[in-house]
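To begin, one chain is listed below as structure tokens, in the form predicted alone.
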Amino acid sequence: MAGGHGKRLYIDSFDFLPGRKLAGKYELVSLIGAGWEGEVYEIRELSTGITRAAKFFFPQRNPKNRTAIWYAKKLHKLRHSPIVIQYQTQETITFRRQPVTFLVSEYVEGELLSDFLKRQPGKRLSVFEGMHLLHSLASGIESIHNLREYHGDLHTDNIIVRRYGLGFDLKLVDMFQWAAPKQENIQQDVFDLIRIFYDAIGGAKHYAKCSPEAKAICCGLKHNLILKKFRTAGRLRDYLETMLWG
């Protein structure tokens, strides 16, 4: 939909069709997902046939290209973190007479964690499986926190499950833009990790019957208790690796 927004059109959906050529270098394949900032599409590099991912920013969410630049710099800073999708380049197209920036990154095959959980028996993981999921997430987020950065928007629709077995191979789809990182941003990531674990093992419906080990991690989802026990993702990861089972 588009409407008046000063002299610029307000855009909340691109609705790109498969086959559309982009910047003379790429061909659009399909929509992957959408969010507040824009939409993410699967694209194909014309010269090589290699599949990539492209995040297109709604112009009103990217004033003077600041959001796209911030996002590219953050992904570059975190390029050695194994849980972060690798940024490659930035391009611009014209859409409804407005410049639209898109960031090109690696394409990650897998399944959103939200969809993965829906396919499990009872639409949830066992506590043991949930702890493996939590450990993989905490380890990945720890590598981000060690660089004094944060994710800021952790939930099951922002996590891709690439493989699972004894452990989980995960990638983060999106990040949220706040100001310079603060301790509360990092602490919110930790709380969100616990919340994902809580929901993955069944949430409120099954929590009362959970093992003491699971309850010791969830702390009843009391924010202050969680952050007193796990001030960082690294502390949470260390706890999972050294915890005693009854």
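The first residue of the sequence shown is number 1, and the count goes up from there. Not measured: the values here are computed from a predicted model.
Keep in mind that the form predicted together with a small molecule is missing from the display, and what follows is about it.
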Establish, in the predicted bound form, whether G38, V108 and I160 all lie within 4.5 Å of the small molecule, using non-hydrogen atoms for the distance. yes
Exactly one of V173, I83, L117, A72 has a non-hydrogen atom within 4.5 Å of the small molecule in the predicted bound form; which residue is it? V173
Heavy atom within 4.5 Å of the small molecule in the predicted bound form: which of A34, L28, L221, C210? A34
Just checking whether L112 would be counted as a contact of the small molecule in the predicted bound form - the rule being heavy atoms within 4.5 angstroms. yes
Is A53 close enough to touch the small molecule in the predicted bound form, meaning at least one heavy atom pair within 4.5 Å? yes
Since the chain is shown here on its own, which stretch among 194-202, 180-188, 210-218, 38-46 would lie within 4.5 Å of the small molecule in the predicted bound form, judged by heavy atoms? 38-46
